[in-house]
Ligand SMILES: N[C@@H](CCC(=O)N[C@@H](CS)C(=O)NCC(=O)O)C(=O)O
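First comes one chain, alone, set out as structure tokens in the form predicted on its own.
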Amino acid sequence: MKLRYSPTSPYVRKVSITAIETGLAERIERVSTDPWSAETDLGQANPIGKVPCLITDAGDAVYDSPVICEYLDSQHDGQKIIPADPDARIKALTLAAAGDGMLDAGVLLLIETVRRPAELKWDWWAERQQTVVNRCMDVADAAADSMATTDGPITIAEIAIGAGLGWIDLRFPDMGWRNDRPALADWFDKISDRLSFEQTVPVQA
């Protein structure tokens, strides 16, 4: 398998963590890709034009991160990151959706506040994205005591939320999200010591 990736993408980190947790990391060749480059051929594999994009051993393209994580989960016989039990499955996927929603809003917030020229910035839109980030963090904070940490089985929920918080810390180090969410802050400190998280810490590009 081949993984088209960029080093600071939190969506790529979700896939990388999943690959480690499922024991598949050694089977995946990583192909560094700049999705913003005019010369990239990424669109031939992923029409969305984003990383991550996984190319299977059969040559099929799988995108984007939720689908790739589910695909990898189907390729091993160990502890599944997406629970089989219907209730546990829906709970994990819903919490993972909050993690993805936090990321999606965070990316839009970064574009609006950092990447966009000052004369084109829209404060209302930035505030809306910050509100979404905050709400998703609040959901994660309420669930923190029930989520896995350093040891034991992990689900897609912990992977999505952990990758999201790591990216927020990378791109918005002054956001101060820990101040009103002690349970989530404590959980994140613990999950950050898990091997799959330690091995995938993003570095500022």
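Since this is a predicted model, take the numbers as computed values, not measurements. Note that residue numbering begins at 1 and tracks the sequence as displayed.
This protein has a second form, the form predicted together with the ligand, left out of what is shown; the following refers to that one.
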Practice task
Could you tell me which of 174-182, 135-143, 34-42, 150-158 sits within 4.5 Å of the ligand in the model of the complex, going by non-hydrogen atoms?
Solution key: 34-42
Problem - Contact of Asp169 with the ligand in the model of the complex (heavy atom, 4.5 Å) - result: no
Practice task
Although the ligand is absent from this view, report whether Val51 comes within 4.5 Å of it in the model of the complex, heavy atoms only.
Solution key: yes
Practice task
Would you check, heavy atoms only and a 4.5 Å threshold, whether Asp64 touches the ligand in the model of the complex?
Solution key: yes
Problem - is_contact(Ser9, the ligand) in the model of the complex, heavy atom dist at most 4.5 Å - result: yes
